[in-house]
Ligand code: HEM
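Here you get one chain, nothing else, as structure tokens; it is the form predicted alone.
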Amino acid sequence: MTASSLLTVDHGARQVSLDVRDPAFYRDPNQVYAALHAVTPTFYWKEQKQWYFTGYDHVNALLRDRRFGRQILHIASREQLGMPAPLPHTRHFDAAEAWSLLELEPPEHTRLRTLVNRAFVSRHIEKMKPEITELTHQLIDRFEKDGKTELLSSFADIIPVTMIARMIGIPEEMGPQLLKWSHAYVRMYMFARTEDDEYAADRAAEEFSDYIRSIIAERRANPRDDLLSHMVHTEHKGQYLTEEELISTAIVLLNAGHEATVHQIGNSVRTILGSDHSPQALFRDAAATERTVEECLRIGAPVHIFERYALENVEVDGIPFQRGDKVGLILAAANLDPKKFTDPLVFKPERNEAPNLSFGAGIHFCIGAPLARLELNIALPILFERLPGLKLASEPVVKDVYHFHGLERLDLEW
């Protein structure tokens, strides 16, 4: 099935019909993005009932445009905007999201991010290099002699969740439970989610919040040298974070700190093994490794869409938006814009073109980007160096979700 056959396009109205539940789409969305670039980079997606942008310049500009924001109810009521009331069965999820860095606008966003940002600046993250290196080797030691492994469960799942848990101050043995909560929680962000998904996400949010609340109480009584203690005991302009703010921030950092990186490790290994490039050449030195990682992020982004509300009446690319309208910015498609990238569907680590937008841009640029990049720049070279005959044992299984993009299974042998 070709990408164009998945799309029904009304060129005059710039309207597109596309079923996100079609495996031909979510298994390889890049082909559809390429088709959209060819016919209508800005389009109204009928099934989602809103406008989307795929052009690199539009996505990059809108991520930075302060006429658009992640939040709208700080300047208008639900009644004014005609928004439905919150769902009663997602009240715990909504409470956990209420003070999420991902969902706030200034001044609250500035205050929260300022408190957290210090831990994520590159000079602090670089200090984690020995720990990440040691953990990567320890994990490979466990399966190297087997000659085969399912890489997500034995490797990709473990590195990001272990490192972000250590950083925040969550016991490492909680890793498996954190993964379960996170997987259920993030299904709320998926297109075509079901009511069962919503109930499961709400249960996860309730349990997750209760657990974080107990850790906060411990850190209030007995501070440690970790990020949660820092957030509990540090003031900003005379204010401390409330318990609700602490819970939301801890949850978003734990989720964002590993969910996307797990996907990116799997996507990167799959991309490399599916290419004609030798891993020895791709990871021959630090500069080559960095280029390889960035090209993997460009062509195999783990999070495909960020959404924004129009905070005022505004026109973009000839489309008028009213205050409260929501727009979708397809980061993964912007990474494939043929106006910015030559042969955009081809894995070319030697590229020297536009930076990828996989971590976003503007005030909501991913706070964990330095950590994710460091994990990728350490784990991938070690994996391919330790297992020089690495190859796919079977076709990778793609998760049946959109708009995250990652693998369900990645069976390898050597």
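Numbers for residues come from their place in the sequence shown, where the first is 1. Predicted model, so just to flag it, every value in this text is computed and none were measured.
Just so you know, the form predicted together with the named molecule exists too; it's not on screen, but the next bit is about it.
Contact check for L63, R70 and Q264: all three have a heavy atom within 4.5 Å of the named molecule in the model of the complex. Exactly one listed residue, out of A35, L387, I367, L374, brings a non-hydrogen atom to within 4.5 Å of the named molecule in the model of the complex: I367. Proximity to the named molecule in the model of the complex, defined as a heavy atom within 4.5 Å, holds among F306, F208, W99, Y309 only for F306. Interface residue remark: I382 is not counted as part of the site for the named molecule in the model of the complex, having no heavy atom within 4.5 Å. Among residues of the shown chain, A204 is not one whose heavy atoms approach the named molecule to within 4.5 Å in the model of the complex. None of the heavy atoms of I158 is located within 4.5 Å of the named molecule in the model of the complex. In the model of the complex, none of the heavy atoms of T54 sits within 4.5 Å of a heavy atom of the named molecule. Residue heavy atoms within 4.5 Å of the named molecule in the model of the complex occur in exactly one stretch of 217-225, 256-264, 171-179, 335-343, and that stretch is 256-264. In the model of the complex, not one residue of 226-242 has a heavy atom within 4.5 Å of the named molecule.
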